[in-house]
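A single chain, nothing else alongside it, follows as structure tokens in the form predicted alone.
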Amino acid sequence: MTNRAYVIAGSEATGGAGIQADLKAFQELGVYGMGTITCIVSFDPKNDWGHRFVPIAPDVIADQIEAATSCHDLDVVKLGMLGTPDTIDVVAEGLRRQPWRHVVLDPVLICKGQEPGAALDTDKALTAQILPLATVITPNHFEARTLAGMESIETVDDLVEAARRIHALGPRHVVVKGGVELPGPDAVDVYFDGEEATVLSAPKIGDARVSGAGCTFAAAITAELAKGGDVGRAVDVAKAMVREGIDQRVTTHAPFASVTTATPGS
């Protein structure tokens, strides 16, 4: 039987992030993917490449979830950008209609196209409704600090503490991504399985963020879980894939590069 993975996330028109990156990662790892679009995010080249954010109507999201889950036997799903409390409501309702072996949450807490008040409402709804459904969560440095209620994350010990605090909110597995945000020559992430914290460290590839790295990381975990792998092994594959993708990043006319979805060693 073909391994299948599902993603519920936003569309990002340049192809570097969002559902475009997710489906490419699924394909690269040998998994048949399908997706539900929650919002459309397009960079504005006339306004310093800021975000333009357009939510999809909740009933249209519900229709997409119904179609995907009726057409395929699905038990692994990745959640990316949701964007509004109304979207979170309909996604949470859709997910609760069936059991899931794994729900991988990439907790996108900020969309630069939203007003601060709307973003805060979304953050609260995400924490209340989606976080309890997640079996794996992959916050970046900012998201981890926000979810863990920490003023700063500056060391590996801080990453471990953040992972423990986020685990206490409900997810069974937490991967806190330090990335290029921590000082030092290495990009450090921490994987916490509820009992043991594993530090994943590798030399940084430049000091700038690369668009789509977080999306690809969570998508790769999702693909490996869809193939029957355990979470620890999936995290290892995801980190290797993202490192390869950053090394082979695509330069663009925007002031950022985009990660590719190359398999390690390719």
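Just so we're clear, the structure is a prediction, and the values are computed from it rather than from any experiment. The first residue of the sequence shown is number 1, and the count goes up from there.
Although it is not shown, the form predicted together with a small molecule is what the next lines describe.
Although the partner is absent here, F217 is a contact residue: one of its heavy atoms lies within 4.5 angstroms of the small molecule in the predicted complex. The small molecule in the predicted complex comes within 4.5 Å of no heavy atom belonging to K227.
Contact check for A187: a heavy atom falls within 4.5 Å of the small molecule in the predicted complex. At the 4.5 Å threshold, heavy atoms of V242 reach the small molecule in the predicted complex.
Note that among 125-133, 156-164, 96-104, 187-195, the stretch whose heavy atoms approach the small molecule to within 4.5 Å in the predicted complex is 187-195. Think of it this way: in the predicted complex, the small molecule has a heavy atom of just one of A67, V60, I205, V54 within 4.5 Å, and the residue is I205. Relative to the small molecule in the predicted complex, residues L23, T36 and V77 are all farther than 4.5 Å at every heavy atom.
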